[in-house]
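Just the one chain here, the form predicted alone, laid out as structure tokens.
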């Protein structure tokens, strides 16, 4: 059963149609990418899920029904605008936020110690939040989001200010929560993180659904018939079934003849004695798809 079901939800602010007949589902045990350019309607959609805004039309079901106060204790939300109390020690701040989610003191302290040690914040637990680096505060905000073990996690730009080591730690933590059956909505502009983490994505623009589905299905819609090859030696100038060979920094892009098939090209190369370490159909990165689809919609709307 879906954790979230949104059916034809719309929201207008004055002359601005922020969300327009938007439908989607979020399942347990998945990381769901909510994507779109600035002003696309992502934050408005999240706020409708959280019952901060009421939709003008359409229906939203969260945790098997309408949102209520009790359900909010089963949701973890990390907005882009961070909400830590700056003038109190980190441990006190996080324990207070845990209490707001209904956690008793003993459980909160036990959970907090585990998270502080895991995210390398235990030694700074007595420092005031404002004395911590931006990366440390980012990790602390994530603890506040996860400490009460919510069924639904909504995180906005979770990797801001994190170095590569801490980015990897946070990614593994999110994957762990997914594997425990949590539903995670991740809104970010970092497409590389989406490609690594998200099971399915929703791309919205001008409040409308533009792309929706698994990453693999979406990328296959935009895949070309070109082949990317990494050989151990230089490729010959002519390969049967290949119209053009382009060299790309140690790799090659093979543009196929109209009737050629990738498996036959691979067979031809092996028979020609070409040793290959990589052979794959060229799939555009999500960042390229994002830009292309948004630009197409802009051109269509502008005539």
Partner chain sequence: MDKIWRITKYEYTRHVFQKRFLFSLLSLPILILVMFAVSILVAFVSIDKTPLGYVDRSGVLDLAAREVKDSTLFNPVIEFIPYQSTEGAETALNNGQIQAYYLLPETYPQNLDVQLVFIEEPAYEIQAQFSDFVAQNLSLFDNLDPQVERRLAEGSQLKITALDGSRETSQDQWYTILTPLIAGILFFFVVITSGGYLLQAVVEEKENRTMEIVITSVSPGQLMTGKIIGDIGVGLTQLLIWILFGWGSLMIGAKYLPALQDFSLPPEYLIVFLGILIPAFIMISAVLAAIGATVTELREAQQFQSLVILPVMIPYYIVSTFMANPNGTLATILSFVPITAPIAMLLRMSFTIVPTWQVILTSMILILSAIFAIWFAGRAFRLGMLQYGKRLTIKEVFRKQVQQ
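These figures come from a predicted structure and were not determined experimentally. Residue numbers count along the first chain shown, from 1.
What follows is about the form predicted in complex with its partner chain, which we do not show.
K.L.:
Work out which of the listed stretches, 185-193, 220-228, 170-178, 94-102, brings a heavy atom within 4.5 angstroms of its partner chain in the predicted bound form.
P.N.:
That would be stretch 94-102.
K.L.:
With its partner chain left out of view, which of 50, 245, 60, 276 would have a heavy atom within 4.5 Å of it in the predicted bound form?
P.N.:
After the contact test, the surviving option is 50.
K.L.:
Within 4.5 Å, heavy atoms only, which of 124, 210, 162, 88 is in contact with its partner chain in the predicted bound form?
P.N.:
If I apply the 4.5 Å criterion carefully, the residue I get is 88.
K.L.:
Give a yes/no on whether residue 82 approaches its partner chain to within 4.5 Å in the predicted bound form, heavy atoms considered.
P.N.:
The answer is yes: residue 82 has a heavy atom within 4.5 Å of its partner chain.
K.L.:
May I ask you to check whether residue 199 falls inside a 4.5 Å heavy atom distance of its partner chain in the predicted bound form?
P.N.:
No, residue 199 is distant from the partner.
K.L.:
Does residue 107 reach its partner chain in the predicted bound form if we count a contact as any heavy atom within 4.5 Å?
P.N.:
Outside the cut-off, so no.
K.L.:
Examine residue 259 and determine whether its closest non-hydrogen atom to its partner chain in the predicted bound form is within 4.5 angstroms.
P.N.:
Contact check for residue 259: no, nothing within 4.5 Å of its partner chain in the predicted bound form.
K.L.:
Does anything in 57-74 come within 4.5 Å of its partner chain in the predicted bound form by heavy atoms, and if so which residues, in order?
P.N.:
In sequence order, 69, 72, 73 come within 4.5 Å of the partner.
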